[in-house]
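Encoded as C-alpha cells, the following chain is the form predicted on its own, with no partner shown.
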Amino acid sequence: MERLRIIIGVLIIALAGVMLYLRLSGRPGDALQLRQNSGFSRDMTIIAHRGASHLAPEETIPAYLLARDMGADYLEIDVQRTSDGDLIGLHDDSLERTTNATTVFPGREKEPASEFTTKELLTLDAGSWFNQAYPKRARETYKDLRIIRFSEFLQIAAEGEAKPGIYIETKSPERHPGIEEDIVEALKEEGWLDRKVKVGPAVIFQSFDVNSLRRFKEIAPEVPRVLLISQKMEAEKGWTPLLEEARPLIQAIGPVGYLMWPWNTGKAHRMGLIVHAYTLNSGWQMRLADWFSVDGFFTDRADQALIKFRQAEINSAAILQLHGY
C-alpha cells in the first residue's frame, strides 16, 4: 500500500510538472503584454465564427444579429464577389451545402459564387438547410433566409450598443482579383476605418493567402492582418518558416486548433504575434486555449464562450425573437 501511495505521488508531481511546462511554454506574460500593445484587453478575445453559427444559419442576418447582441468581441465573415461586382458573405467555394442551388440552378450548384449575379444569388434559400441539419435548433423563420451582402453585414455590426469589431477573410482571393480594393473601399464608405469598438482594432483582415495579405498591407497598412494556418500548411512548410515568411506582413496568426500547442504559441509570442486559434467549440478546447496562452479564438459557440470567459447571461431565444426570428 505504501508503495502504491509513492507511485501515485510521483505521477501527480510529474503531471503537475508537465502542466506547468505547458503553461510556461505559451509565455503568458508575453501574451498579456502583446494584447495590451495591440489594443486588446487582457481578456480572451471571442470571435463569432460566421456569426452565432451554432444557433442560426451561418453568415446570415440572424446569425450576426445574435452574435452581436450576445456581446461577441468580433463578428467574422468570409467575403466573396458576385459576377456583377457585389460583395457577399459565403464560406464555401460552391453553393450546394448552404443553399438550395441544386433545385434552383440544377447543374450549377458546384459553381462558385463568382459565376452568379447578385440577383441570382438572392433567389436562393440560405436557411432551410440548417433546419434540416439541426432539427433541435430549427426555426420556421430560418426558412428562405438570403445570402448576406457585405453592406448588410457592416450595417449590423455598426448598429446596437455592443460595438463589436469585424474580422474579414478573403475567401479564395485568386478567384476574385482586386477584391481587397473592393473591401477597403466599402469599409471607407461606411466609416469603418475610423471606427472605435469595445476591444481591439475595429477591423482585422485575415487570409490563408499571403498575396492577399500583402495587398491589404499596400492599400490599408493601418489595418492589422492575420495569416490563417492550416495543418496542411504547417506540414508542408513547418511552423517557424511559416511565421518567418509572413512576419513582415502580419500582426497575428490564426492557427487551426490542432496547432495551438504552447510551444507554437510561445514562439509566435516571442516574434511579437498575437494568436487567434480556430475553430474551438467545446468547453475543453476553450480551457486548453486559455491554459496555452492563446490570445483569442474563433467559435461557433460564442454563447458558451461568453458565459465561460465573461460570465455573461445570454438568452438567445429572446434576442432572436426581438429581431423577428
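Note that the coordinates shown come from a computational prediction; the quantities given were computed from them, not determined experimentally. Start at 1 and count along the sequence shown; that's the residue number.
Only in words, not in the display: the form predicted together with a small molecule, which the text now covers.
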Partner-proximal stretch of 156 to 164, 181 to 189, 70 to 78, 129 to 137 relative to the small molecule in the predicted complex, 4.5 angstroms, heavy atom: 70 to 78
Mark I148 yes when one of its heavy atoms lies within 4.5 Å of a heavy atom of the small molecule in the predicted complex, and no otherwise. no
Does the 4.5 Å heavy atom contact test between L249 and the small molecule in the predicted complex come out positive? no
Taking the small molecule as it sits in the predicted complex, is W239 in contact with it (heavy atom to heavy atom, 4.5 Å or less)? no
Looking in the predicted complex, any heavy atom of F40 within 4.5 Å of the small molecule? no
